[in-house]
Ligand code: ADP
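Below, in structure tokens: the form predicted on its own, a single chain.
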């Protein structure tokens, strides 16, 4: 979070003199209360300062990094996910290569009828297969994919923070966003409803940064 010099000064004053009223902060900076109002609002909304009526402002005790972490922990996968790029389990490796090239992605989700997740195939999987001398027009993609239940997944209600840690821990480019479905016979499946990639997460960081720079 990037602060202005005046906001930095306000934080220092509050840290050394809390609780302190807005009027007293303004006096120390030789400014009017009205001039400081936007800065105090930004610092309060960001979580760096807290205010109590008839008492004044005091430091929340949170670091800027903690404030950003709390923001990330409040964002759900559902709000940043993108459209999933899927292929049928009946496809061949050649079809997967073409789809990956056309869609410009590093991971494809393999689904069966009803959009239920069967597996995941990555760029690395396809590269290893094509370099291995296989006839990719006759090799089923299910032979080279990572199958369920060994696929790392996320869901719309999970936080982006938790999902991002999964991406890092398992060193994958993207996670399928799934929703559990139950059938009349009692069986269950994972319906693919989205995609969470490194690009989605990077875009969120950029948007958060732009928001702070804009004083949101």
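Numbering follows the first chain given and starts at 1. Values in this document were obtained by computation on a predicted structure and should not be read as measured data.
If you look for the form predicted in complex with adenosine-5'-diphosphate, you will not find it shown, but the lines that follow are about it.
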item: In the predicted bound form, residue 49 touching adenosine-5'-diphosphate (heavy atom, 4.5 Å); value: no
item: Heavy atom of residue 122 within 4.5 Å of adenosine-5'-diphosphate in the predicted bound form; value: yes
item: 4.5 Å heavy atom contact, residue 74 to adenosine-5'-diphosphate in the predicted bound form; value: no
item: Any non-hydrogen atom of residue 146 within 4.5 angstroms of adenosine-5'-diphosphate in the predicted bound form; value: yes
item: Answer option from 152, 162, 168, 181, heavy atom within 4.5 Å of adenosine-5'-diphosphate in the predicted bound form; value: 152
item: Partner-proximal stretch of 51 to 59, 28 to 36, 172 to 180, 186 to 194 relative to adenosine-5'-diphosphate in the predicted bound form, 4.5 angstroms, heavy atom; value: 172 to 180
item: Partner contacts in the predicted bound form for 15 to 47 (non-hydrogen atom within 4.5 angstroms of adenosine-5'-diphosphate); value: none
